[in-house]
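Presented as structure tokens, the chain that follows is alone, the form predicted on its own.
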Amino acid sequence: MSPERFAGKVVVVTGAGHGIGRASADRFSDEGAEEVVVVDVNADWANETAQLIGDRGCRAHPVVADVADEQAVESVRRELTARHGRVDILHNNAGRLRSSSITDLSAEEWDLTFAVNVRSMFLVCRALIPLMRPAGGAIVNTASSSGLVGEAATPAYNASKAAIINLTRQLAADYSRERIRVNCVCPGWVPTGFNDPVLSHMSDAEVADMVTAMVPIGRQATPAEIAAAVAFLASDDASYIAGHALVVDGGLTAVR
């Protein structure tokens, strides 16, 4: 890990209140970011992440916003414009997962999943890309290995994560010539609580047995392992990578 890889960079992380988002915010601050803007819909979580970073002597600024809401995102844009006048790195990480067959899935749940998982990325990119244009930058979206294969009982999530992967490619096609690289990470199983809606019927031991059987590496990833991939794609170490979906799943999709 380079302590200076993000020196002088203004970094925005959405869904930064816990899990992968918090780990990524930590990673960016550890590697010297000028400030990490911690965006989350949950005020307590956003403040806690910012406090954890601040306690280490790094700069973090909590922002409470529902990034699926157009007016909330516009408010974030105005705050960032006034506070910094620029954004160097954006990690779109806000997400939602619920389990259902498609015949039992309500239209409202489908729309909400796409709002949190896809609409938010559209809104945030639309708002913040203009702040990245003068100096260039990097965008890393959180997709999922679920967006690469079909999975049972998660139709809205499955489809939304596939949409993120192709949105990433589209953005790369449009903005790479403006020195804004866009990529995404595709995590597999990560024990952050995010998967609880689809695992509530299983004990911890049953989940561990399932993961051991499914994943060639034989375990779930840590949030820090996903954050390392996010940091790589956001850094100059990935300066010739654009439009890529980096799979970080312990070999899960390799055996499907």
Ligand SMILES: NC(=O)c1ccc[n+]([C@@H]2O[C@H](COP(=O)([O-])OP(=O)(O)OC[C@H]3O[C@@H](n4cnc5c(N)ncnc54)[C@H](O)[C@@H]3O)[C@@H](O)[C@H]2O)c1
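Residues carry their position along the shown sequence, with the first being 1. The structure presented is a predicted model; accordingly, all values stated were derived computationally and were not measured.
The next section is about a form of this same protein that is not shown, the form predicted together with the ligand.
- Only one segment in the set 60-68, 227-235, 24-32, 203-211 has residues whose heavy atoms sit within 4.5 Å of the ligand in the predicted bound form; it is 60-68.
- Annotated contacts: His18, Val41 and Tyr157 all touch the ligand in the predicted bound form [non-hydrogen atom within 4.5 angstroms].
- By the criterion of a heavy atom within 4.5 Å, Asn195 is counted among the residues contacting the ligand in the predicted bound form.
- Though the partner is left out of this view, Thr168 does not reach within 4.5 Å of the ligand in the predicted bound form, counting heavy atoms only.
- For the chain shown alone, Thr142 is a contact residue for the ligand in the predicted bound form, at least one non-hydrogen atom being within 4.5 angstroms.
- Among residues of the shown chain, Val116 is one whose heavy atoms approach the ligand to within 4.5 Å in the predicted bound form.
- Within 4.5 angstroms of the ligand in the predicted bound form, the stretch 75-101 places a non-hydrogen atom from each of Asn93, Ala94, Gly95, taken in sequence order.
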